[in-house]
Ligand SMILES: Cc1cc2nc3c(=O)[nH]c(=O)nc-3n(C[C@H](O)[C@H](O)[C@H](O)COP(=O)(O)OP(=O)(O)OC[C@H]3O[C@@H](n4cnc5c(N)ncnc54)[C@H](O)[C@@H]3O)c2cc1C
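To begin, one chain is listed below as structure tokens, in the form predicted alone.
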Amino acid sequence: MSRIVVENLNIIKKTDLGRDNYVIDLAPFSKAGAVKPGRFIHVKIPRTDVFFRRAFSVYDINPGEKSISIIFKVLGRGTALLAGLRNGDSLSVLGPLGNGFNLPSTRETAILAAGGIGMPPIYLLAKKLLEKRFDKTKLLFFYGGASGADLVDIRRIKKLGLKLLPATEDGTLGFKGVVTDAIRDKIATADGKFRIYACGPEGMLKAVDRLAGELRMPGQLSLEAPMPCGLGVCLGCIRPLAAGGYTRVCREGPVYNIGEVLL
């Protein structure tokens, strides 16, 4: 794991994606090139009456410009304050934190499953695999939400040029149903070895964990949890392990093997 730093980064671009979703590009981050897909940063909201940092998965990186991007939806006071910032404003960032995904072998087809605002680490994993010249035909990017409007920044995913398979519960875009049903439907007629990666709402992760166990498919999940400290000290993000005991999502995670954590 690379050394953790605390740095003040400038907002070089803020993009309003609609429906209270935003992308913020930050620079210069000295550890941009060390960020693995699945790792996260801890951001301090620039207000004296907001005490805890907020955790955000790294969405995109540009090592040449030493920039990183995060994506978020306004869900409370902290994210509302973040959405109100402007280009040029400064943010204190702690990171990179946590452990990232292990990459698949070239003999495997990678199933990348994202749900709603849990898409960022899955996008960054897809981008990293393509940079390593992973066969595009062995990358299946499933993106699920309640409706097409919940699939945020989908144009950026399409620019990767891989196989994008949207799934919406109301059928407004792509497969009609939940993302795990779309995955089951797709691989039922496919040959080869599969490895699955997922990030999204807990209900989706539970379903992916069950499906992967049922099909004896290896893979990893990126979990979300409250992370007041981000360093494993406060124990605010502990989850039970299938083998017994507990894990700190911010320290030992947020990425875990299929079946490793009780969801």
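This one's a predicted model, so the numbers in the text were calculated from it and none came from an experiment. Numbering starts at 1 and follows the sequence shown.
A second form of this protein, the form predicted together with this ligand, is not displayed here; the remarks below concern that form.
This ligand isn't shown here, but in the model of the complex which of Pro226, Gly64, Gly213, Gly203 has a heavy atom within 4.5 Å of it? None of the other options qualify; the answer is Pro226.
Which residue among Leu139, Ile117, Ile157, Leu173 has a heavy atom within 4.5 angstroms of this ligand in the model of the complex? Contact residue from the list: Ile117.
From the candidate stretches 69-77, 176-184, 87-95, 125-133, select the single one in contact with this ligand in the model of the complex, where contact means a heavy atom within 4.5 Å. Result of the contact check: 69-77.
Applying a 4.5 Å heavy atom distance criterion, does Arg54 contact this ligand in the model of the complex? Yes - in the model of the complex, heavy atoms of Arg54 and this ligand come within 4.5 Å of each other.
Is it the case that Phe29, even though its partner is missing from this view, gets within 4.5 Å of this ligand in the model of the complex, heavy atoms only? Because no heavy atom of Phe29 falls inside 4.5 Å of this ligand in the model of the complex, the answer is no.
Touches this ligand in the model of the complex: Tyr197 (any heavy atom, 4.5 Å): Because no heavy atom of Tyr197 falls inside 4.5 Å of this ligand in the model of the complex, the answer is no.
Who in 2-37 is close to this ligand in the model of the complex, meaning a heavy atom within 4.5 Å? Sequence-ordered list is empty.
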